[in-house]
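In structure tokens, one chain follows: the form predicted on its own.
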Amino acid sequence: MTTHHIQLAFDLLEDLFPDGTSKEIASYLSRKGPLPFALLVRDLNIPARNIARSLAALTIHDIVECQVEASTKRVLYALNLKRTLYILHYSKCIHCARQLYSFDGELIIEELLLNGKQRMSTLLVKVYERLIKAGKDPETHNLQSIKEKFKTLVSAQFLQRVVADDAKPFMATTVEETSASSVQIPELTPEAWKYLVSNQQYESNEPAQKKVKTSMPIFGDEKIFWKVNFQRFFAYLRDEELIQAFTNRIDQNAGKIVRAILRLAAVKLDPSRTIPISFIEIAKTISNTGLQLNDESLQKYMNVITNDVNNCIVKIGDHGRGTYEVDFQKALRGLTKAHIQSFLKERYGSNALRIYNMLEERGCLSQKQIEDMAMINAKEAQQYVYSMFIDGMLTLEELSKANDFNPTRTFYFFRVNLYNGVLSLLDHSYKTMSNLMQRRHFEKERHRKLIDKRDKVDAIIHSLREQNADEEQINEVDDILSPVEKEQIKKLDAAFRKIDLAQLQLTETILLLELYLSLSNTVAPVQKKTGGKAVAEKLLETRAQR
């Protein structure tokens, strides 16, 4: 974990839990490691009640994990930094649920993200109340329709089942996705369902005093909770990136064919590869989607797709007119290389990108060979190579004639190591995301009075329009803001839109890089402590002074 990684995690916690206590507890656990509750109360200058409340909230979101010490049987609390970074992808998960399962699915995912884990009975009521507040028709969006949408999300594995352990009431055990019970929906008792249906009186005009008060029945799902399955959402987002890549590289028909292949391979036995899919199955799925392609045209498209430079869709057999599978490791490698090449071109220019591509194709080359083959003068070539080496995009291999590694008798070769490059780019992405969040917070605090004034004016105008007020009254309220303030608000909104767009694009980059690292089987090479980076930094500093 790098410094920028940890800083971003704390910024996300501060954004999700604005009280400040959660961030302070997470920071202390990150420094000290797993600790019991008593030590947290002793070391932190925070009331025990506030610490307990924050730990409960962090635990239910899986940001803090509970562990039992074997010797003393004490409960230890440990920070899960990897889970903390999932907060970055909340908006993407909600957007995917909206696209796939309409407004009902979006509210289900949003409620689970806000509350961490919930019972199905509680979730149905909360989603129903939000739908009614949003002005939806209660006849169409009733509890039964919400439950059916919930079942669809569970069957697609976008939701994960969590069962409370009676022996450890403070902890929760998660049922694995491969288990048959992970997609089983608990059946509510007849009394519980009758109670929920009878409480669909939110839209009723009856006063609260006339409503019959009934006791809370037993629902039947008191020990069964549900949470968002982030890995399933990440797989869906990865598939969408792969489809978009083939659409941009070839055409829309190729993207639709890749989408059909990924849909057929929805059940994956291996996270790095799909199950084998025959040409006949692909053709049948394509015809059902409405894409008019005969077998000959489809075969040509498959040949083009399999001969792609990334070679991520591989033909593994000839039975069934050809059998194909998707290699996600190669796919993520190709997408990751495109991000690194774009980064190098923007940061150093096209000459540095040419050197990087040449090293990737040739393997390892010395400084002299790079200068000759790239057709760049020695001064610029050294500057590009040393800069990429300092940033971690290139690695240095030393071949010495003697055991003392004397520089006069040592050959130095530069090589591209994609694993190190991804780590470096990921660290840059973490730093940039943290800077964007801090910049947004700074701008909000800087213009706090103006933003509050604009919000009050908007609220008054909204209430006047609901009361069917005249346009003159609305214009009078709107004139509370001076032309200078309106222009300033316009510039501020434009700045916030730029920050939001940058965060959205950066989130996609971070997800791809993290997925590549999770599937990569390569290991970062061990660097000999020969002072290579120090020498490169000194040479660059000397050239800058000249």
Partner chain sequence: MASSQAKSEPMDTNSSAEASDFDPVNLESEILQLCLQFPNGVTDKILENSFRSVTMQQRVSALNRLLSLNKIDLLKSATESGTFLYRIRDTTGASGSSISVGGTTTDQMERVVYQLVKESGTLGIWMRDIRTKTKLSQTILNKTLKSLESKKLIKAVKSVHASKKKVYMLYEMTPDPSITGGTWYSDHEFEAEFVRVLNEQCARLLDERLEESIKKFPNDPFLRRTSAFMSSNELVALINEMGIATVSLTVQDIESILNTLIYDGKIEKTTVASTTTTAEGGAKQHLYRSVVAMLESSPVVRNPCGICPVFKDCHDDGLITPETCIYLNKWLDF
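Positions refer to the first chain, counted from 1. Owing to the predicted nature of the structure, the values given are computational and were not obtained by experimental measurement.
The protein also exists as the form predicted in complex with the partner chain; that form is not presented, and the subsequent description refers to it.
Report task. With the partner chain left out of view, choose which of Glu471, Asp458, Asp251, Glu148 has a non-hydrogen atom within 4.5 angstroms of it in the predicted complex. Result -> So the residue touching the partner chain in the predicted complex, by this definition, is Asp251.
Requested in this report: Name the single residue among Arg454, Lys82, His339, His95 that comes within 4.5 Å of the partner chain in the predicted complex, judging by heavy atoms.
Outcome: Contact residue from the list: His339.
Query raised in the report: Is there any non-hydrogen atom of Phe230 lying within 4.5 Å of the partner chain in the predicted complex?
Result: Close contact is absent here: in the predicted complex, Phe230 is far from the partner chain, nothing within 4.5 Å, heavy atoms only.
**Report entry** Interface membership of Arg362, the partner chain in the predicted complex, 4.5 Å heavy atom rule
**Finding:** Close contact exists here: in the predicted complex, Arg362 approaches the partner chain to within 4.5 Å, heavy atoms only.
Query raised in the report: If you check in the predicted complex, is Gln505 within 4.5 Å of the partner chain, heavy atoms only?
Result: Yes, Gln505 sits close enough to the partner chain in the predicted complex that at least one of its heavy atoms falls within 4.5 Å.
Query - Any non-hydrogen atom of Tyr386 within 4.5 angstroms of the partner chain in the predicted complex - result: Contact check for Tyr386: no, nothing within 4.5 Å of the partner chain in the predicted complex.
Query raised in the report: Looking at 430-438, 155-163, 394-402, 101-109, which lies within 4.5 angstroms of the partner chain in the predicted complex, counting heavy atoms?
Result: Heavy atoms within 4.5 Å of the partner chain in the predicted complex occur in 430-438.
Query raised in the report: Candidate spot Ala245, Phe343 and Met358, all three in 4.5 Å heavy atom range of the partner chain in the predicted complex?
Result: Checked in the predicted complex: all three residues contact the partner chain.
Query raised in the report: in the predicted complex, which residues of 361-375 put a heavy atom within 4.5 Å of the partner chain?
Result: Read in sequence order, the residues that approach the partner chain (within 4.5 Å, in the predicted complex) are Glu361, Arg362, Lys368, Asp372, Met373, Ala374, Met375.
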